[in-house]
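Quick heads-up: it's one chain on its own, the form predicted alone, in C-alpha cells.
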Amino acid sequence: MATYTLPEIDWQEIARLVLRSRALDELEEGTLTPQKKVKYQFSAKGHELAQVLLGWHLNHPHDGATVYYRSRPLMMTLGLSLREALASSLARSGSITEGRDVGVMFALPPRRGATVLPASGDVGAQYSPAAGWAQAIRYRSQTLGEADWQGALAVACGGEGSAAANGFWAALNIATTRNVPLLFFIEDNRFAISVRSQRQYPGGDLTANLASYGNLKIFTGDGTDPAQAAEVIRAAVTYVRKAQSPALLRLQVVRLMGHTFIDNQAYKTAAEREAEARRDPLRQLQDFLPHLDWPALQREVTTELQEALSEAEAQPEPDPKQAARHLFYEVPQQVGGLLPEIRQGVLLPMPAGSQEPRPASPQRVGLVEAVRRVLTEEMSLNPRILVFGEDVGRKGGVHGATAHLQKRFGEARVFDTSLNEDGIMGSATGMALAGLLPVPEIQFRKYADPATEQINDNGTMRWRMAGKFAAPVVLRMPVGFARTTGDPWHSVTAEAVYAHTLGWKLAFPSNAEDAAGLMRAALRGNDPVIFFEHRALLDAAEARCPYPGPDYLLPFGRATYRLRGAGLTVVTWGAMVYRCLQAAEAWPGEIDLLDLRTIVPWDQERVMDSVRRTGKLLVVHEDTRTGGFAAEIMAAVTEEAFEYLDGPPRRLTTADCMIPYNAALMDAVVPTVDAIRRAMGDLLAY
C-alpha cells in the first residue's frame, strides 16, 4: 500500500483559523443574530481547536468527512471561506446551499483535501454515510486498484449526545464488521443541549463502554489542550490511514455558549461555567504559543471578517423562482454518482440502450429472474455497481434476486450486511457520493422504516445543495402480500409514503419486461430510485414475459394500456393489474386499463387522455385508502379534466387496516376480483 505523509503543523495558521472561527461566532452572537439577520446561530466556541487540528490532517485528496451543525471550524480549515460562511448564515446567494438550508448545514467539494458530505439535520444521521465513504475507499483502492485512493480515510464528526443515536450504532457495526478506514471523531462537551452525558450511556464515558468492541481502536484526549490534542489527533489519523481500520477518538471539549443563541445554559452551575471558561482552548493556545503576535493576528482576522461581511451582505437574495429546482437531476452535480467522472473523462458513459424490447427467444422469464439478469448484465458492464444487504450474498437473497451474483462477481461487490437498515441505506449514500453505484436491498418494505432518516436525507440532498451534490442509489424492496397469504409485517406496500418522499423516483413494475426495462433505466440514470418488486409476482405465471434483451430501457413516467375500452378508465399498478384484468372480462370493450408502472413520476398525460375519452375513473391499489396515491390521481383528474367527467372519480383500495395473516381476513380488506368487478359495474352504469 502506498504511504501518505501527514503534514507538519503550522501553528501560526492553526492560531489564525481558531481566531477566525471565534471572531465569526462573536460577530453573529453579538451583532447579526440580535439584528435578526442570522436566524439560527450554533456557536462552536470551545470546539474550535480540536476541529481545526483535525481538518489540518485531512489533506488526502480522497478523504471524506461528515459533519454536524457545530462543525464550522473544521469547514473553514478545509477551505470554506469567511464570505461563504457568512453568506450561508445570512441565507444569501453564493452560500453553500443558496439559502435553502440552515446556515451551518454544510458540504464542500474537495479544496484542501477532504470532501465534506452534505450535513443532515437529523442528529446521528451523519455516521452511516461516512461508513459508506470508507467502504468506497477500500473498494476503489483494493478492488478497482486505484492507487490514488490508497491511504485515504473517512471521518464522522459528532457530539457525545449523537453517539447515543441509532445512526451512530448502525455505523459502528457497519465500520467494524466491514473493517473499513473510518474515524469516529466525538467532541464530548458533556451536554446534549441540557442533557448530561450520563443520560446518553452508562457512566457518561463512551470509550469505557466501547473498550472491548472488536475492530475498533480507541483514542482519548483533551481537545482544549493544544499539545495533547495535536498528539492524539495525529495518532488517531495515522492509525486509520495505515491500518485502514476503524477507530474512535473522544476529545473532551467545552461548549462555552448555549446549544443555540436562545439557550442561556441555566442547567449548568456557576462553578461548571467558570471551569469551562478556564479551559477555553483559545486561551490555552495563546499560552502555548506566546511567541506569536496575537494582537496583530487579531487585527488581521478582524479586517478579513469585515471584508467578508461586506461581500456577503452584497450578495443578492436567492431567486424565489429557483426555489423548487434541483429536486431531480437537471444540471450535473459536482460530487456523487458516476456523472462527475464521466464528464471528466475518467469513465466512459454507459451505452444509450433501446426503448424497444428485443427478445432473443420466446422463452418467458419471471419478474425476479428479469431483475437478476439486468443486475448481472449491468454489473458486467459497470464495475462501480455494488450489491449488498441482508442475505444477498451466499444465500442469493431471501427471494432469489441475487442468486449466484456473489460467486460471479466476488464478495467485494456482492456482500451481506448486519441486520441494520439505517447502516445499509446510509452507507449506500456514502458510497454513491464517493463515485460508486450502490444497489442495496431492504428485505421487505416494512423493514425500511428504521432507515427513514437516511432515505429522506438522500432524496433531498440534491435540492438542499442546489444541485451540487447527489447520491444516485437504486434501492430494491420486495413489497405486498404473497400468493397464498399475507401478514402485517411482510405484506406492506405503502407506496404513498415514498410518493411523498422528496427526490426519489419510484418504480412498481407488474411484469418481467417492465421490471427489466425500469431496472436498467434506474441503473443508468442519475437520480435515486426505489424499486418495488411485488412478492406475489416474483415468479407468477401472469408476470412472465420474454426477456426484452440486454439493452432495453423503459423510461420512468410512461404508463401502458393493458386493455382498451370506451366506457371506464381504470388506473392501477403492481399485483392489482391482474385482478383488474380478470374483473374486466365481464365488460369486454368497456375498460381502458392503465398500468402506471412508475409512481414517481406518474404518467398524468396518458391518464388524462383516457379520462377525457371515457368520462369515468376508477383507481385500484393495494395500499390503504386514507392518503393513498389514488387520492392524488383523483385530485389531478378533478383539477385537469373535470368538465369531461360523467361520474364521480372513485377508488378501490385496501381498507385502513394492516394486511391479515388469515387468507379470508386478507380478502376482506384487500381489493378482490369480485370487489373490482362490482366497482366497474357501478361506474359503467352510473
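Start at 1 and count along the sequence shown; that's the residue number. Just so it is clear, the structure is predicted and the values come from calculations on it, not from any experiment.
What follows is about the form predicted together with a small molecule, which we do not show.
inquiry  = Is the small molecule in the model of the complex close enough to His62, Thr177 and Asp416 that every residue in that trio has a heavy atom within 4.5 angstroms of it?
reply    = Not one of the three qualifies.
query = Can any non-hydrogen atom of Tyr552 be found within 4.5 angstroms of the small molecule in the model of the complex?
reply = No, Tyr552 sits far enough from the small molecule in the model of the complex that none of its heavy atoms falls within 4.5 Å.
Contact of His621 with the small molecule in the model of the complex (heavy atom, 4.5 Å) = Heavy-atom contact with the small molecule at 4.5 Å: absent for His621.
query = For Leu309, is any heavy atom within 4.5 Å of the small molecule in the model of the complex, or not?
reply = It does not: once the small molecule is placed as it appears in the model of the complex, Leu309 has no heavy atom within 4.5 Å of it.
query = Phe532: heavy atom within 4.5 Å of the small molecule in the model of the complex?
reply = Contact with the small molecule, no.
task = Determine which one of 388-396, 266-274, 122-130, 332-340 lies within 4.5 Å of the small molecule in the model of the complex, judging by heavy atom distances; exactly one does.
result = That would be 122-130.
task = Check each of Ala466, Met257, Met379, Ala192 and return the one that places a heavy atom within 4.5 angstroms of the small molecule in the model of the complex.
result = Contact residue from the list: Ala192.
Answer option from Pro472, Gly486, Gly161, Gly103, heavy atom within 4.5 Å of the small molecule in the model of the complex = When the small molecule is considered in the model of the complex, the option within 4.5 Å is Gly161.
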